[in-house]
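Take a look at this one chain, the form predicted on its own, written out in structure tokens.
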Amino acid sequence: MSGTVDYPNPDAGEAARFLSQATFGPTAAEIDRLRQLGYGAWLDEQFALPASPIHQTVVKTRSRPQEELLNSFWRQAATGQDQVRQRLAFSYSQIFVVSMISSAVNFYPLGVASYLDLLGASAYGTYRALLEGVTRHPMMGLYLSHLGNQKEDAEGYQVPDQNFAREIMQLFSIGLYELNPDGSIRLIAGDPIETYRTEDVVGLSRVFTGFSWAGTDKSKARFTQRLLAHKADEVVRPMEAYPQFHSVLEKHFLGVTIPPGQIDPDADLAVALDTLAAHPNVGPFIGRQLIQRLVTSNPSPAYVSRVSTAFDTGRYASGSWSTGTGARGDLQALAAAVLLDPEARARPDIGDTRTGRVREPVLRLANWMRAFNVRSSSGGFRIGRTDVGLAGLGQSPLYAPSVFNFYRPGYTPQNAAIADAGLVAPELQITDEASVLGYANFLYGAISSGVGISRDLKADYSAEIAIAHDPDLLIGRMNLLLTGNTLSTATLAMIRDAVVAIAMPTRNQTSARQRRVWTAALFTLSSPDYLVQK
């Protein structure tokens, strides 16, 4: 299947499906806009939009900054114009994880806000630049303990911390095993080939020594200082080099050797990041995960291969439209390759269990907010954490339980048909009885009464209420906005029966219309057809 398809302008359902993958959810206005422009021109318009950072909002918040960090995330998800950038930033936040669960990080909500801003600002740059931004950010330095990481001592009692050295390889760049361009594992005599060994971790850990807070001096006090939450510039500025704390031993990793005696931390870091970014694994390793976050959990090898090619060449073409600078690791070309691949744009076979992905809870809430023009009465989008309690979603952005994210890319529920078919379903790792019940409880209250502190956010159902007298029109609108017209015939019939059961009186129809809308929304948002995004 060719990767250079010249797509006609999409119909309404195709536009809504694309927006479900490329943004935090379709709106009626954005569906119309995409249909008018076509995929390429719409992406060009998005790529040209400036980033809309959130950390300045958190700066202004003197009380409850942790809460304001989440509120700012939801404000951007619901109302931000640079939707592709913001959706990519959220996706990258689940690959290059920094989590507020960590006590080392939770103290610095402004820093975490700036880290999310970094992911957004880097989303259209190069992978190499993104990797350096992630590596130097003080929140990553705190989270994976390379901020203040010191060289070995002469007695051998102290050695560099190896945490970041291991994770930058395993999770942020090349993975555990050598890959073919299509994402499959390379084998020799039937055995996988490890990408790195213990000695690579040791050598690379020496590179990540001698970096700490940015500042006006390079004193030991500044290098080891931790309590800087009140100094906004230091928690958002890239870490700087402190040569006196940098290892001068030989640094051997991934076939590269930095000779002993090197006292320039920045030069060593450049060698390490260049080596990682040039590794042939990066395209399929990062590309496949981005496909999983945006489009489908089980992309075909051919899909992964086409995305890897776009990463390696820094260009992507779809018919007469193209994007990318030609620099290896161009992330704009990577995003376009993921979103415009023929497998992503093919009309879905609703019964095909190999396609699609489980919608994670954060995206379900954002989808509802955008579809029904949810607005905050306070203007603050006061949602807070959504991962706790029996009326929660089981997931909060920026609160992943570990560096391995909320779920692993290769997660397969055991003793299930998914495992028997050799498929993965990452999002099911956070799906259990409590989360299913919590989502149902959350939906029931959200749809009718709103969400957030004091039900601060409420939906505007005026367009749906206006057509509630006609069940087919009402359900058709729900189907379009929430699923891109992918509800099955059986599900449509079930929702219609529930809606029709609410009688429409001749007079005083306000209550009946409202209840019909709530019912249609509740049944659609809780249906398996919705929960599995096609």
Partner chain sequence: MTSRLSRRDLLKRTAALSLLGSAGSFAADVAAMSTVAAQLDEYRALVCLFLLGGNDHTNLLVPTDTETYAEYAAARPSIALQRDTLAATDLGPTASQGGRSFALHPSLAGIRQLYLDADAAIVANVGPLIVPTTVSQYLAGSVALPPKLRSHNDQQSAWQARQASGEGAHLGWGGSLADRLMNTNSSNVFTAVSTSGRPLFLSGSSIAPFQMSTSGGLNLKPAGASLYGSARGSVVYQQMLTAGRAHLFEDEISAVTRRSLDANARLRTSLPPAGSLSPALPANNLLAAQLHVVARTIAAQTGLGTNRQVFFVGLGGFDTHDQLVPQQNALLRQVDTAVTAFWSWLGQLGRRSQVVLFTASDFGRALASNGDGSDHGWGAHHLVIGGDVNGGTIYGDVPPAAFGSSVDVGNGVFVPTISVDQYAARLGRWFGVSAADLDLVLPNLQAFDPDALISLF
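Here the structure is a predicted model, which is why all the values come from computation and not from measurement. Positions refer to the first chain, counted from 1.
The form predicted together with its partner chain exists for this protein as well; it is not shown, and the discussion that follows is about that form.
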Look at the stretches 334-342, 106-114, 414-422, 180-188 and give the one with heavy atoms within 4.5 Å of its partner chain in the predicted bound form.
414-422
Is every one of 41, 264 and 316 in contact with its partner chain in the predicted bound form, taking contact as a heavy atom within 4.5 Å?
no
Please pick, from 289, 99, 79, 429, the one residue with any non-hydrogen atom lying within 4.5 angstroms of its partner chain in the predicted bound form.
429
Using a 4.5 Å cut on heavy atoms, which of 214, 249, 447, 363 is close to its partner chain in the predicted bound form?
447
Since only the chain is shown here, I'm wondering whether residue 194 would be in contact with its partner chain in the predicted bound form (any heavy atom pair within 4.5 Å).
yes
Would you classify residue 459 as touching its partner chain in the predicted bound form, given a 4.5 Å non-hydrogen atom cut-off?
no
Given that its partner chain is not shown alongside this chain, does residue 352 nevertheless sit within 4.5 Å of it in the predicted bound form, heavy atom to heavy atom?
yes
Do residue 322 and its partner chain come within 4.5 Å of each other in the predicted bound form, heavy atoms counted?
no
Within 85-107, which residues have a heavy atom closer than or equal to 4.5 Å from its partner chain in the predicted bound form?
none
